[in-house]
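Here we start with a single chain on its own, the form predicted alone, put down as structure tokens.
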């Protein structure tokens, strides 16, 4: 299941609507191994296309270096579909290279960049297999992560 803050979800949707009729794309980074979608990074669709997205290779390299420096990883890889449903295409499946990431698709086909609802769906794509997963939109991500709990356990043990 993808758990995502409402503000992040709304920002992804706004990006998709703003870039319509071209596909929008980006990443939401989070602490490595945490599955916490914390830092939205809107990317430029280097393809500038309504039917295809491509991260600029230099921008993507810079982002991966920055994530490495911050001990982050891509938790969400997102893009929009402007004329089709929010389901990964064969090209999307072929490009999916982050087995731990949630692949979010936003379809702006119904309302474009006007007011109105969009499809917002999340998938896991591993070895070419697409599995849709539920999306839980929360006001704030919980602060009690497994890492926080492990650190708290260590503190309690060291105080004994």
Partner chain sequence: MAIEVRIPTILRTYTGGEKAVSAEGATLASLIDDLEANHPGIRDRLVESGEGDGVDLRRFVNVYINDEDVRFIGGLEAELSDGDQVVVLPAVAGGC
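Bear in mind the structure is a predicted one, so any value in this text is a computation, not a measurement. Residue numbers count along the first chain shown, from 1.
Keep in mind that the form predicted together with its partner chain is not shown, yet the notes after this line are about it.
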With the partner left out of view, is residue 129 within 4.5 angstroms of its partner chain in the model of the complex by any non-hydrogen atom? no
Is residue 19 part of the interface with its partner chain in the model of the complex - any heavy atom within 4.5 Å? no
Please tell me whether any heavy atom belonging to residue 60 falls inside 4.5 Å of a heavy atom of its partner chain, as the geometry stands in the model of the complex. yes
Taking its partner chain as it sits in the model of the complex, is residue 91 in contact with it (heavy atom to heavy atom, 4.5 Å or less)? yes
Heavy atoms within 4.5 Å of its partner chain in the model of the complex: which stretch among 131-139, 33-41, 110-118, 91-99? 91-99
Sequence order please: the residues of 1-40 with a heavy atom within 4.5 Å of its partner chain in the model of the complex. 23
